[in-house]
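One chain follows as structure tokens, the form predicted on its own.
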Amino acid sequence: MNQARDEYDVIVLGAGPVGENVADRTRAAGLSTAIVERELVGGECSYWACVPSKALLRPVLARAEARQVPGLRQSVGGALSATDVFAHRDKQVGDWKDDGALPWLESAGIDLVRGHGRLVGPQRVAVTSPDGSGGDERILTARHAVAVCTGTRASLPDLPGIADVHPWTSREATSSSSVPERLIIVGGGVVACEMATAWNGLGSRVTMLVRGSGLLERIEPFAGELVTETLREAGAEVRTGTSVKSLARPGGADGPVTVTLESGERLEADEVLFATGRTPHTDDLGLETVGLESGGWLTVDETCRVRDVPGGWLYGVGDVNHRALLTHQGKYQARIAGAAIGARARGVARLDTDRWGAYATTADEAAVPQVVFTDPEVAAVGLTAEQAEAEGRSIRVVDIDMGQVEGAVLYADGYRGQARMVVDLDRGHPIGVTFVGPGVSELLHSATIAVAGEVPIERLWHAVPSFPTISEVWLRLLEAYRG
């Protein structure tokens, strides 16, 4: 076995958006940086999650909105061309090749090491072949920090027959180039709802099996209710309070899947997608060599430095720390973690990690924004009313029918949507905002600024929305609050 030994200031495990941003910040701080990747530079988001899913969803949502525009609806009554949609998706993911991502790494002065990286002791990383099968091993040593940015993978429940049916996970759901005639989706969260919207729009007969009482249960209740209503109107079946007992594929890989429910009822489909949670990619990283549990989430401080590791050299950034499993939050953490690594390397004795400090990931708890690209879109930031009450806050909740806003009336005939603002009465500023309706995703950043900036209600009154836009919903919320 040939063995080389290379030394860097910083080693980053994982070249997805999170790892790229850590590396970018440490290079900007003047630190030599290597990034280790076993699959594709760009990571899960670029090839199997955010980008391909939105490429599949965009034509579906555009058609749905066009059908609500007088004078246009008659022109968009037909089926989508799945072939064209898949070609557009494939282009957006670079045909699952990362050639286009490499020039940036080179221009930033970041060394790419292809292979499977795992810790082999404090500040030491062994890199082997991408499939982890061994072969030549290269040992990298980090002078200052190792950042674990390996993200998560789809988790599958332990059900009889599940391995034999080869179910779809989010990867297959975003990369398939054929439309199953019948698709069962198990789950009621973001991935389940978005994929139900996409594949129903592409022509599948979709059945959703939801264990809970409704869709999108971590967001305000009206969000899931409106998404459910629209899915059913579009022809999808949404079953709540339903659990899967077992699965079978009697005819082999090309045959239909039989899903047996806890009730004993049997359903048949051409494919079944499980969207039932995520598991951290930490089971083969050598965490046990530095005193941590293999396969678990990494517990970190406000700078994303892993707790209980002597010397403070290990960082867990993005999904692996379970703070906020969203690409944009992971990139936010990466910017802060990278800056913290740079500051500590310069010998800064005390970093500003107070609430909203330069080296604190406060937004992970106070102002997490999220968009669900369903029909209608769901956009939310901060706390729901239920979460705020559970924290013991004194709040006031303001709800507005977005269909009464002039900009929404002009945007779509029969516009359906709702907005909610949750105000902390003791502090006098919004702590949560939710919008549901066509086109609301672009409203979210204004709400994020209001929540993260803790902008007083009295100051928001002076932020005048343009007429006639959907953003006038802000004026309606404030008017309702002021009475």
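Numbers follow the displayed sequence, beginning with 1. None of these values were measured; they are calculated from a predicted model.
Unshown form predicted together with a further copy of the same chain; subsequent notes refer to it.
Using a 4.5 angstroms heavy atom cutoff to a further copy of the same chain in the predicted bound form, all of R63, D84 and R482 count as contacting.
Residue contact with a further copy of the same chain in the predicted bound form: Q370 places a heavy atom within 4.5 Å of it. Shown alone here, L443 lies within 4.5 Å of a further copy of the same chain in the predicted bound form, counting heavy atoms only. Residue contact check for R58: one or more of its heavy atoms lie within 4.5 Å of a further copy of the same chain in the predicted bound form. Not displayed here, a further copy of the same chain is kept clear of D9 by more than 4.5 Å at the level of heavy atoms in the predicted bound form. The partner is not drawn, yet in the predicted bound form one stretch among 352-360, 115-123, 238-246, 137-145 has residues with heavy atoms inside 4.5 Å of a further copy of the same chain: 352-360.
Proximity to a further copy of the same chain in the predicted bound form, defined as a heavy atom within 4.5 Å, singles out one entry of V422, C45, L31, V41, which is C45. Distance criterion of 4.5 Å from any heavy atom to a further copy of the same chain in the predicted bound form singles out K91 from the list R266, R346, K91, R218. Taking a further copy of the same chain as it sits in the predicted bound form, the stretch 436-458 comes within 4.5 angstroms of it through a non-hydrogen atom at G439, S441, E442, L443, L444, H445, S446, T448, I449, A450, A452, G453, E454, V455.
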